[in-house]
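To begin, one chain is listed below as structure tokens, in the form predicted on its own.
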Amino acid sequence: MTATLPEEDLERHFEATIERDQRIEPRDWVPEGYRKTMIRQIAQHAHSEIIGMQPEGNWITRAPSLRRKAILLAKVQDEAGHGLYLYSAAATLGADRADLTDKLINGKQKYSSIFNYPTLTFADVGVIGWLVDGAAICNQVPLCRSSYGPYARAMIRICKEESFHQRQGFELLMTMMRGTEKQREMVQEAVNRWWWPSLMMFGPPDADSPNTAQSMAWKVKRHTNDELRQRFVDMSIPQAEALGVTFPDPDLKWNAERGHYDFGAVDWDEFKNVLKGNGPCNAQRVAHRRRAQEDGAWVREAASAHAAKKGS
């Protein structure tokens, strides 16, 4: 669809494509609001993958065995790849990766609040795999049907790999739960710390989410924040029972009338505080990313010079 048609015709074609549940592709005309929404969401997702390498990367040199080290290395490498897929998807909308990175390290774009919490023990590696990647799967599988084609296609591979990461995390925790009493205590303590931040990953309640309604109308999202959060809670309870751990929520109980688990109130003040940059590791995470960007400047310059030389 070329941009030579009147804008109202282009708008009607865009809306009809969405209504037919077809994909929007890079060649298609889109409203500026849609383009900005997609860049914001894809960039935030890409930033989250890249920043998300840090909490677990912190344990690569301290993994308790060669097998665990290899698993963790592979997972962190996968996360780097996810970030690259997503930055490439954002580029199809006209976004520049260097500009997106600048916005990240200058605090102008966000990443998932979950990555601003510390990994205090090796059990955290397993809990991140189980709960954090589990929450990511709940959120991201519907994005495989997102209305923007490059994003939806990138999500297919990302979700397959995230699913594997979740199984790896659960296997690690199951191994630790079969170990010593101290190991079991370590797992439970990690679960206690990560449960509530995992529920925050889905974003604020629907009533307080400024972008959900429009994203649902454009079929960027297929489910609301609260719907996805409930799905995650329902999925996690039987897994916790199989593992032998409990969640730190006295209000957690089955509601036969609703057909879902009830759960306690999330501390949204904490969520907002972390998003504002006041979480336990916000400054550390961004500073590390900034150093990596600065340290890699010579590599980017050399690659650009080499490409220019080959092209001349």
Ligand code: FAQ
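Throughout, we count residues from 1 along the sequence that is shown. Everything numeric here is computed off the predicted structure, so don't read it as measured data.
A second form of this protein, the form predicted in complex with ligand FAQ, is not displayed here; the remarks below concern that form.
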Just give me the single entry in 201, 138, 191, 176 that has a non-hydrogen atom within 4.5 angstroms of ligand FAQ in the predicted bound form. 201
In the predicted bound form, the residue from 154, 104, 128, 90 with a non-hydrogen atom within 4.5 Å of ligand FAQ is 128
At the 4.5 Å heavy atom threshold, is residue 148 in contact with ligand FAQ in the predicted bound form? no
Determine whether any heavy atom of residue 285 comes within 4.5 Å of a heavy atom of ligand FAQ in the predicted bound form, and answer yes or no. no
Whether residue 132 contacts ligand FAQ in the predicted bound form should be assessed with a 4.5 Å heavy atom distance threshold; does it? yes
Within a 4.5 Å heavy atom cut-off, is residue 230 in contact with ligand FAQ in the predicted bound form? no
Could you tell me which stretch in 33 to 41, 64 to 72, 277 to 285, 248 to 256 has residues with non-hydrogen atoms within 4.5 Å of ligand FAQ in the predicted bound form? 33 to 41
Mind checking whether each of 57, 119 and 293 has a heavy atom within 4.5 Å of ligand FAQ in the predicted bound form? no
Can you list, in sequence order, the residues from 92 to 128 that come within 4.5 Å of ligand FAQ in the predicted bound form, counting heavy atoms only? 110, 111, 112, 113, 115, 128
